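Two forms of the same protein chain are encoded below as structure tokens; each is given separately, as structure 1 and structure 2.
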Structure 1
Amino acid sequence: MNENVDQISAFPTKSFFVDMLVRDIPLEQAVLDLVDNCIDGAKRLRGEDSNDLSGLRVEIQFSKEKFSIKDNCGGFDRQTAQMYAFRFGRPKGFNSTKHSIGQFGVGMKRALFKFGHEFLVQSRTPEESWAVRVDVPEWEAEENDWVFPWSEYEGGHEISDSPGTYIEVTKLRKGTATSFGTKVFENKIISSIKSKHRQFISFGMEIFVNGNRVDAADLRFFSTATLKPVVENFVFDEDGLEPVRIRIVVGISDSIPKSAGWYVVCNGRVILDADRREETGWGVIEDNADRPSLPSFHNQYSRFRGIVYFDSDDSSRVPWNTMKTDIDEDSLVWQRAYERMIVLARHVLDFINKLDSEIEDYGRDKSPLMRLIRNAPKSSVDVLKTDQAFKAPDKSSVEQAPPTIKIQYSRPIEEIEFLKSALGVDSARAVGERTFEIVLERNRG
């Protein structure tokens, strides 16, 4: 470096750069970034709109000592490695995979530096093969030399004869090794891939984590002639920019609080999972009262499911943040979708409120709406593609139960326990109902 006394050098040191790069990314997210790269390979190989990823496979292995990921997704060539994969940031004019999910040009490097102090990346395409092996402390010591040297391609890691990529990280950082050695981390990776890469797995891609095959978590809606989720498709167009296709599906499913909320999917990658924050419209905050919103989330809404898909050939157009862990609220695409999400969700929440009050009135087992839902078949969101309005049964369309009034009273626990045992039932509610039935029967004679 030129030690010119007349000026101050702002040239970054490599170790500063590496530390900044890895600081804010959770370990789990870094693993997912590498899977995203494999999926982009699959998209290049099969075509960006292909729904058939069968035969393509990603194998991830990690332990206290080592991390590795390999795929048979076509590999990438020396030029891509030179121009993109090992550059920090994407050079202007570089043509990346259309409809890609690994769009920020930092994922792979960030993951490698985050994991450990030595890495090997090697890839084979039908035409060529190459490898890069880096000892990070040595590389950091060469302050002025911002290059990664080619090294000899070593075979023996291929999944099959098909071209693909192999990445290995050793000399793991201490914190990384700690996590990689636990079952809980393995389970977290499995469940993250299950939810975040759901769509690609359902297209036939196989992903293995430490030998365990990851299956897809299916998102399903109750769907019958009288109860249908709403499906709405539209395109967001801005002059001169790639259009973004948006699909919103909102409906009801099983009553599971942790699964309820909004799911946001950008180019097939799930960004938000069962989101119930203000960002997706839940709860009114006073400062923002003019913004359309939904009521605060409550377990009463545990049947609510809403899914928003954003798809664009230009991946910088879909509304995700750089880590793909949240939406970019400032994006015009998001704001446009947000308005429709709120409108469509309101119909569904109205129905859920109606269902709730009916359960209050009739009891869970006697509510006609509840009975209808319990027997309803479910459809996967993957088949709900054509526009349709939300359809919910109203009271007149279902068999009416006789009107009822709820009775509520308290008695000493000891007496209730005595009656539970005497009547052979297992809840206080059942004691109440059974004693009522007995008295009714006797008095009617």
Structure 2
Amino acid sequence: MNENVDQISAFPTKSFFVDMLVRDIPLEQAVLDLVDNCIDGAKRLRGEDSNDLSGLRVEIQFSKEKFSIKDNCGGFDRQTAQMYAFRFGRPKGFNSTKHSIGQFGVGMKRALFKFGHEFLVQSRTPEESWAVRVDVPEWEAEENDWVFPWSEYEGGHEISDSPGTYIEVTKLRKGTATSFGTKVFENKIISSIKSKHRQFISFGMEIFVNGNRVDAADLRFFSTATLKPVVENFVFDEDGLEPVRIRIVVGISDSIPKSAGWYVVCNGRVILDADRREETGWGVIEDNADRPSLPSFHNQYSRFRGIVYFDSDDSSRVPWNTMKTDIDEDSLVWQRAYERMIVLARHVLDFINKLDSEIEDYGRDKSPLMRLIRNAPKSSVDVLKTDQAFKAPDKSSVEQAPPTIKIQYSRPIEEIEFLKSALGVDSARAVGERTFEIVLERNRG
């Protein structure tokens, strides 16, 4: 306690980090933070620009009794542990991994405190090994002692005897133990890693959750000579700061409402997936009629896909929040990208509106545009890197079916059921179509 009456103490309490800070992050996100650290290790090992992470592996195990995660991503040395890894926040002068996804210096500690009351962290590089084992209540009781003591490296957890890191948490918090013991949570973690770390899995990294291998989520666009997604690359520069490379890809894919929307990717880590909120432009009405805007999302736009990539050697420059669960709307980088997202999305939505109108006129099975899309091949977003304009077929470029008009009328159910039986059909629509054909044939002779 500061007993100097002329000063006010701003010294933090340990309980703030152990019991309060952990409330801000969902359990699922805390697990993902530890996976992020493994991926940064892989980047240090293979080079930040490498697209080959084959042979690298992350294994996550959790149950009501224990959580563990281990990798063979090269480990980190004693000096890094001593100077940075266990500090709360990133100290000035920290030489972080270029293009990393661990930025704020809080993820690992927050996860450990979130999970339980005792943890072991140990790592081995080609040159050395070290370990830290902490009984959290004992550490918390020494209010003015902010160090974690070294402990003996135990070994025995390496993957294929390769350098790497092993983390184990025991004496789990009651709520954490309950979640870790359910199949629902296991499926949730698998689904999140599949989506959030898709790029690293597609580069060859293997991630296992309770023995289940996680595959990468697939993001693909219809792409032909006459139907192409727009791809736009540009760089956001500010004096004295690392540039941010931005790539926006917008186009159409299969009609799946839950997959439609914007995806935001920062340094390879997916921050938002299938986002359909005002934060990404949906339903924002512009006061200036000359500026494009997007309507509120509804299922008519279930074919829309938009992906925005932000990449920078300095991970503090990409527009994510500290939990990597949302974008930083106040970021100038985000605001610059947002303007282009709206403009590029508008072209794609205009085409979807035309497609919807044609389906209304011709029906889903006979629409020429729909037929073209149905037969179109798809390309992975990972290969769509070169600038190109959005290209979509217009009615003059596709074979047109004879125009049609919809006929609607109502009749008593009893009479419809009678005709269904008499005509051998099984729907009211089929009754209408068949009776129309009969009358047409009779009058045409």
Partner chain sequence: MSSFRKVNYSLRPAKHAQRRMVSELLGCLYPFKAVRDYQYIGFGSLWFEDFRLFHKLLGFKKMVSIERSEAKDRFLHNKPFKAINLLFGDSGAKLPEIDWAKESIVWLDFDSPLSLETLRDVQLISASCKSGSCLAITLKVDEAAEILEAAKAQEEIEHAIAQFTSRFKDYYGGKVFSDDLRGNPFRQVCEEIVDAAVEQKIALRNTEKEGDDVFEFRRICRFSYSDATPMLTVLYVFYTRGDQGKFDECSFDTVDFLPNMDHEVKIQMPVMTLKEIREIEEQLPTDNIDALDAGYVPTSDVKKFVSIYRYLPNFSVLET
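For the two forms, the rigid core is made up of the largest set of C-alpha atoms that agree within 1.5 Å on superposition. Here the structure is a predicted model, which means the values were calculated and not measured. Numbering runs along the sequence of structure 1, starting at 1.
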| request: Go through 1 and 2 and tell me the one that is the form predicted alone. | output: 2
| said: Using the rigid core as the reference frame, would you say residue 25 shifts its C-alpha by 2 Å or more between the two structures? | reply: no
| residue 423: how big is its Cα shift between the two structures, in Å, with the core superposed? | 4.7
| field | Distance moved by the residue 13 C-alpha between the two structures (core-aligned, Å) | value | 2.6
